[in-house]
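Single chain ahead, written as structure tokens, the form predicted on its own.
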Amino acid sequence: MNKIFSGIRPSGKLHLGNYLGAIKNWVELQKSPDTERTVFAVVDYHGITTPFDPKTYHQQVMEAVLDYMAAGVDPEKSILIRQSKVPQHTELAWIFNTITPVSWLDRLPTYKEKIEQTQGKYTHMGILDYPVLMAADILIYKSNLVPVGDDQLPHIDLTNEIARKFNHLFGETFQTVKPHLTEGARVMSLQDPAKKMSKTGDEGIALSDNPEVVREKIKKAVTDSGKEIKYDEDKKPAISNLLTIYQLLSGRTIEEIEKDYEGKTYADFKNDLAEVVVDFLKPFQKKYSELKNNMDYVDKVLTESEEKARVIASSTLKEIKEKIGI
């Protein structure tokens, strides 16, 4: 049976890429008969490894919680937590730090990317050590399946290296963690199909964007040379990305969509895609608004979920401490 953990940083409004690459998958996994337990986290300790505003950070975290619930994370089926409210995550991360060679961390692409992005100005220990905390997030619940995008695969590999080393040093404790990739894990930027969709500017569609904003962003989305609406990641990456979004939101196949737009223009396609996105977002936005107007219920869900999480995490940590002689 699968024990599942996944989380997203509260570093801005969730967008379609987050939904299609992660949360849609979470919603399906929480219903699966093969699933024993699902824990989904707003990883707020990970979020403070990059610049943030303390005055608005709590609000960002709570908005992420609302996004999860509005998108279909069901507190009757899943444990929904804020990472910082379950202190066993960071306690296990420290124990893992004592067995994780620095060389395992500084070879990871994410660390190198952050150094390049900040021109060497943002290289604190939290950035380097981020993957160890991620390993602790996963293993504190003895999880064995993690829904991720393929850019996170090196972190899953590292989680398994840490788990294997702990098992070797202190006895069998952790199972192998498997990544669970989704077909929507590679939804790309509307302005640069070589980059993943982000939370900034016109590059992504936020789940909270109103219809006019959605239409404007789709209208401005880059396309490729030529006029044919055809899926070809190498020769037509921009239109292929838009076709992927259309397919994932409509439930229709790429082939069916291509056939519908034979002889039609990019403008025709974009106009229809915008309406597909607008219609898709309506129920999410209605649910989000209802939850925002009932924060007592949301707080109750978090209180109960975080207590359940602490019980599971405490049991794991007790076993680990006994094994290391503490």
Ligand code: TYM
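Don't overthink the numbering: it's just position in the shown sequence, from 1. Not measured: the values here are computed from a predicted model.
What comes next is about the form predicted together with tryptophanyl-5'AMP (TYM), which is not displayed.
Taking a 4.5 Å heavy atom cutoff to tryptophanyl-5'AMP (TYM) in the predicted complex, the contact residue among 221, 95, 134, 80 is 134. Residue contact with tryptophanyl-5'AMP (TYM) in the predicted complex: residue 43 places a heavy atom within 4.5 Å of it.
Residue 228 falls outside the set of residues with a heavy atom inside 4.5 Å of tryptophanyl-5'AMP (TYM) in the predicted complex.
At the 4.5 Å threshold, heavy atoms of residue 239 stay clear of tryptophanyl-5'AMP (TYM) in the predicted complex, well away from it. Contact annotation: residue 320 falls outside 4.5 Å of tryptophanyl-5'AMP (TYM) in the predicted complex, judged by heavy atom distances. Heavy atoms within 4.5 Å of tryptophanyl-5'AMP (TYM) in the predicted complex are found in exactly one of 151-159, 164-172, 213-221, 100-108, that being 151-159. Scanning 1-24 for heavy atoms within 4.5 Å of tryptophanyl-5'AMP (TYM) in the predicted complex gives 5, 6, 7, 8, 9, 15, 17, 18, 21, 22 in sequence order.
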